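Here you get one chain, nothing else, as structure tokens; it is the form predicted on its own.
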């Protein structure tokens, strides 16, 4: 199974989200073999639930709190997501780590809460430019994975998204060889350390231009897409290319 995940971040109002989805549904989705997951803002999640009914599109959230309830102003719980049939949750995105100071131990708590409550995590990992230049990529990924997956009842109903921070939103994608090397390392590490085999996605300036070569890698099972997922035609082209793999 391959995946095309749209992370809209803090973009698209409710009406813009509906317009995107209605345009996207006009595309040929009947023979789609890939899993398509839309991750809109919290304000759009509920209304989009009614618009994906009868399609093969699933919904994901961009974040969730690690506690099931409580005095956490501005936060969203797993129960709130489950009530609107949201199935997936992005965790550990570099923007959450950078701007909201989410450390690996917090991500571990969120992973545990999400899995225990039968939601499916999309765990993001990746090194920044300075770390790559210092040849610390694998040390960083090992630390992120080891902490995030520690003491969790691991499930195959999860995804790992490798997103080199230096490529997110910059228009600069990692090279074919870089992606091949890192994704293979992640796959082997998960198998050796956790006896875990799950789909591994790539994210970081994914476009209709570069996705065909990347998806040809046997170890890459799809994409977590940011900027290119905001344009319905661009996102549709990527989905079509992934579907043809």
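Everything numeric here is computed off the predicted structure, so don't read it as measured data. Residue numbers count along the first chain shown, from 1.
Note that the form predicted in complex with a small molecule isn't included here; everything after this is about it.
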| property | result |
| --- | --- |
| Contact label in the predicted bound form: residue 205 to the small molecule, heavy atom within 4.5 Å | yes |
| Contact label in the predicted bound form: residue 115 to the small molecule, heavy atom within 4.5 Å | no |
| Touches the small molecule in the predicted bound form: residue 9 (any heavy atom, 4.5 Å) | yes |
| Close approach of residue 127 to the small molecule in the predicted bound form, 4.5 Å, heavy atom | no |
| Location of the small molecule contact in the predicted bound form, chosen stretch of 128-136, 68-76, 144-152, 89-97 [non-hydrogen atom, 4.5 Å] | 89-97 |
